[in-house]
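One chain comes next, on its own, written as structure tokens: the form predicted alone.
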């Protein structure tokens, strides 16, 4: 039995999530924090049920921070206690330091949740993303994948095709082989979304690292990276993907995401480079340079936090672009067709002349609408991300 490493929507994962909730749950009940206790149990159980050990562990850390942020009071801090400044002892043990950091993490999570709910459009996008997450992770528990053809048992008397429109038995109708379209929608989004998200994450990491290096180091490094980015920007991205798809067999989603990242990073890299040129003149960056804290410290501790809002929003739009590019490659037949997949449904709909058959419209429209709604949810979600990562927009919280 899988112990939760990579497991999804299993009873074992649910048990792992409940076990992960016990430490913060016990702390919340000890301090009579009943509402955070219920949220802790629900979040950890859901995290473990959907993502196994990793999901449960992540929720354990986040919800522990939330509970500690409610219960923790730094008695040596003159701003949170009645002690005078002369009585304050600023030395702290490792345990006190850990508590303070966990409390800070919890306050950040709570502020982010408030910012998420505050922006109505962003919250609507968040709910849309949650819907697709629930459908992909938990949908298979209730809907069995219909991958076998039904050439005889679902062919209606007198009908010349297996295509059927929506009905009570099949809410989204049947495809060209008499298979349930709803099952393909439930199972078909996983690979497409995963590849797009991987492409967005890889693109962002490459762009941030190279842009920060170009802005902080300057000189030959800046010139070389700028020249490389300018060269890639002059190449039409999608036609190049089509050419490469004709040469290389894309049978691995991670390699395909890496290829997208290798072609999409220059735009964000140039924006990061321009921001770094401005930030490196700030006093705190100059102080870090004078102290010789190293390039990783400059990138991830001094520069990145000041650009996180722009970077995260750009990553969302990169995910959108990668999804459209992947759908385009599949639609043209340049990527191996592997069911179930939303893009493959569109490809098969084109090859089977679905557009000319009114009964088959749901087979083609269902994946198109699913992709459009997912993209819309991403765009709306950026509204909340701007408030979460931009302190100026959180002043009203």
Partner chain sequence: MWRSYAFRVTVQGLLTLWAVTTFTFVMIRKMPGNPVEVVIDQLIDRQQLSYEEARQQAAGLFDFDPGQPLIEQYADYMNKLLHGDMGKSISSAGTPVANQIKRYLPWTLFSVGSGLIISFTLGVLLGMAMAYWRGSVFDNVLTAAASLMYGIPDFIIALLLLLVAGVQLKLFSMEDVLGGVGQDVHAGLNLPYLKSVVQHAALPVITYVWGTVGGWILTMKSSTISTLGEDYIMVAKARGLPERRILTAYVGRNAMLPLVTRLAISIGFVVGGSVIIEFIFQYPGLGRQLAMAIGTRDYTTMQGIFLVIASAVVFSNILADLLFGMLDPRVRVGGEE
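Positions refer to the first chain, counted from 1. Given the structure is predicted, the values throughout are model-derived calculations rather than measurements.
Although not depicted, the form predicted together with its partner chain is the subject of the following passage.
- Only one of 189-197, 133-141, 310-318, 106-114 lies within 4.5 Å of its partner chain in the model of the complex by heavy atoms, and it is 310-318.
- Note on contacts: among 205, 242, 295, 258, the single residue with a heavy atom within 4.5 Å of its partner chain in the model of the complex is 242.
- With the partner removed from view, the residue among 254, 278, 167, 98 that has a non-hydrogen atom within 4.5 Å of its partner chain in the model of the complex turns out to be 278.
- Remark: residue 364 counts among the residues lining its partner chain in the model of the complex, judged by a heavy atom distance of 4.5 Å or less.
- Contact check for residue 57: no non-hydrogen atom falls within 4.5 Å of its partner chain in the model of the complex.
- Although the partner is absent from this view, residue 274 contacts its partner chain in the model of the complex, with a non-hydrogen atom inside 4.5 angstroms.
- Interface residue remark: residue 375 is counted as part of the site for its partner chain in the model of the complex, having a heavy atom within 4.5 Å.
- Contacts between 161-179 and its partner chain, taken as any heavy atom within 4.5 Å in the model of the complex, involve no residue at all.
- In the model of the complex, the Cα-Cα separation between residue 304 and residue 102 grows by 3 Å or more relative to the displayed conformation.
- The gap between the Cα atoms of residue 331 and residue 375 is larger in the model of the complex, by no less than 3 Å, than in this form.
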